[in-house]
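Given next, in structure tokens, is a single chain: the form predicted alone.
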């Protein structure tokens, strides 16, 4: 009921020849008006519904009002000139394919659907007027653009380009009087829009278990989990990532937010490195698994499940009795129930007793629309492993 996606197989007929991104009317088989949305002839998701109100045109005023409402819903989440927060979250905010992340005085934008691509100028004008940013930078380089028949696009949309490294404090959600540590973000060359804002609150939760601990941070990227662990008093830090540039940024983040802390930075494939550590008999008190998306489509779910099980099995084998495993999946196609079953299977094969201590998810700047469960994509299990 009121799900915003209409797949090609659910459409009986298309009248006329709507252009990509054009607003179209949706009617039932009996002719009853149902909704209004955006057409995409290249995608299996043929229409993305944007309004169920027959009186609401999908015009420029609608676009601005929808962006204003999304921004109003983040009030207090990114206060201050160096705050960072997701301001628009695509379908979850009624704006299919539009991602807007605020990084201090800059905005990083993704327009992932034909609907938003053809409205890029209107989106830019609305954002410039609402935020008065120093610059708006587009990072529409996601694979989903290909499914929309769109080429990747990256570059400056408005104002001045962001610096190579921008110092920020992602998401002010750690409680009254608590100041998040500063972090360096690369808006032009970093992953996604420059940073993983969805994990901001989770880093603080995991850090609560890291005082005096030997911490292994897998798929570390720019070192967010390690930075919080260092501030919490971790005894040692080991970071693994395939990207040398990501590890360099992580090193800079630790120097900025936790000066004096040393860390072991390992460039390599996490699966191979963990197997090497297992063979060497290395053990840790806390292991963080924050891998990239393993399942991009339905036919990849089985392979993704094998990958998640393998990585969790290896992590459990490296944990000392009573150690903590923070395991995440950002694959929206892997349900929370399936993810828990995967971790359960890893525990059985590792011959370890595992307790779920906390369930974690994406931050409140990534709200979940109840009629669009796909917007709940990030799952995390904080486990005690015996």
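The model shown is predicted, which means the values in this text are computed figures rather than measured ones. Positions refer to the first chain, counted from 1.
Below, we turn to the form predicted together with ligand SAH, even though it does not appear here.
Novice: Want to guess which of 92 to 100, 154 to 162, 234 to 242, 296 to 304 is within 4.5 Å of ligand SAH in the predicted complex, heavy atoms only?
Specialist: Of the stretches listed, the one contacting the partner is 234 to 242.
Novice: Please pick, from 71, 270, 316, 77, the one residue with any non-hydrogen atom lying within 4.5 angstroms of ligand SAH in the predicted complex.
Specialist: So the residue touching ligand SAH in the predicted complex, by this definition, is 270.
Novice: Out of 209, 284, 196, 131, which one falls within 4.5 Å of ligand SAH in the predicted complex, going by heavy atoms?
Specialist: Partner contact (heavy atom, 4.5 Å) among the options: 196.
Novice: Even though ligand SAH is not shown here, does residue 291 get within 4.5 Å of it in the predicted complex, heavy atoms only?
Specialist: Residue 291 belongs to the contact set for ligand SAH.
Novice: Hey, in the predicted complex, does residue 220 get a heavy atom within 4.5 angstroms of ligand SAH?
Specialist: So residue 220 counts as contacting ligand SAH.
Novice: Quick one: is residue 191 in contact with ligand SAH in the predicted complex, heavy atoms, 4.5 Å cut-off?
Specialist: Looking in the predicted complex, residue contacts with ligand SAH include residue 191, since a heavy atom lies within 4.5 Å.
Novice: Is there a heavy atom of residue 225 lying 4.5 Å or less from a heavy atom of ligand SAH in the predicted complex?
Specialist: Yes.
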